[in-house]
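Heads up, the chain below is alone and in the form predicted on its own; it's given as structure tokens.
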């Protein structure tokens, strides 16, 4: 059985649907602090299977002990955590408690129950402001915010567990900018999101929650003056987790891999693609640069291709179309 933490969140729900297509049973765990139990009904509707779910928090060691005692868990996909960059600076203790101490709890209980395989949700935030794009996994990590620090510490914990006996094998997946929605348009955000991603902000405008999109600087040293980022469809990200599980199937390993489209695309590229999909303009205003932003950041994904045979299949147009379809269903 696979234990999927953070199972009803944005990435978790999309991944859960893909995992249910496979032969291995999946048990979802989430405290529902940033998601909703309504997502379970949507997962069931799309997959045709009733998802097995436990409401719980990774900071609760007794609950984790009970989960592992009652279920034959052979591998874990760990997505649960707090993930807002700006918020992490203001709520460091909470981010430490969830992202680091909660992860320590999970690893402790895994080892106690001889569960020795884990896929870890890491982040490109570990690279910091000075990494040169395309970014290779081997560059020195230098997080520019506390969220990135918590993800880097997670990778350090996994390295320590790999050097113990028996080794816990792991693949840390360093996500770049995840975007898009399930092609059905049925998976929705049922709770107010504090996400500050470009796609989330565009959706806020389309849903009438914001009057205009803020573009943070148009004077970067890029062709059109706006920041360049690496956007990856959430369905391609989900497949990356499945491929990583297969990678751990027959070998002990402690690896870290980039998951991104491997192409840098500017803020204006995203806006113009979205406008082409919707057939209407998106109102926008130029705002001051945000502290900690960098002009260009995109991934080198050759290692994921080499080790897992993984490659993204969805384009920026697919991300914009699926995001827009989700918005239209929420408005209907």
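Just so it is clear, the structure is predicted and the values come from calculations on it, not from any experiment. Positions refer to the first chain, counted from 1.
Absent from the display: the form predicted in complex with a small molecule. The rest refers to it.
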Decide whether residue 128 counts as a contact residue for the small molecule in the predicted bound form under a heavy atom distance cut-off of 4.5 Å. no
So in the predicted bound form, is the small molecule close enough to residue 171 to count as touching (4.5 Å, heavy atoms)? no
Decide whether residue 59 counts as a contact residue for the small molecule in the predicted bound form under a heavy atom distance cut-off of 4.5 Å. yes
Answer with yes or no whether residue 324 is in contact with the small molecule in the predicted bound form, where contact means some heavy atom within 4.5 Å. no
Has each of 233, 266 and 317 got a heavy atom lying within 4.5 angstroms of the small molecule in the predicted bound form? no
One stretch from 199-207, 217-225, 115-123, 157-165 that, in the predicted bound form, holds residues within 4.5 Å of the small molecule by heavy atom: 115-123
So which of 277, 305, 32, 287 gets a non-hydrogen atom within 4.5 Å of the small molecule in the predicted bound form? 32
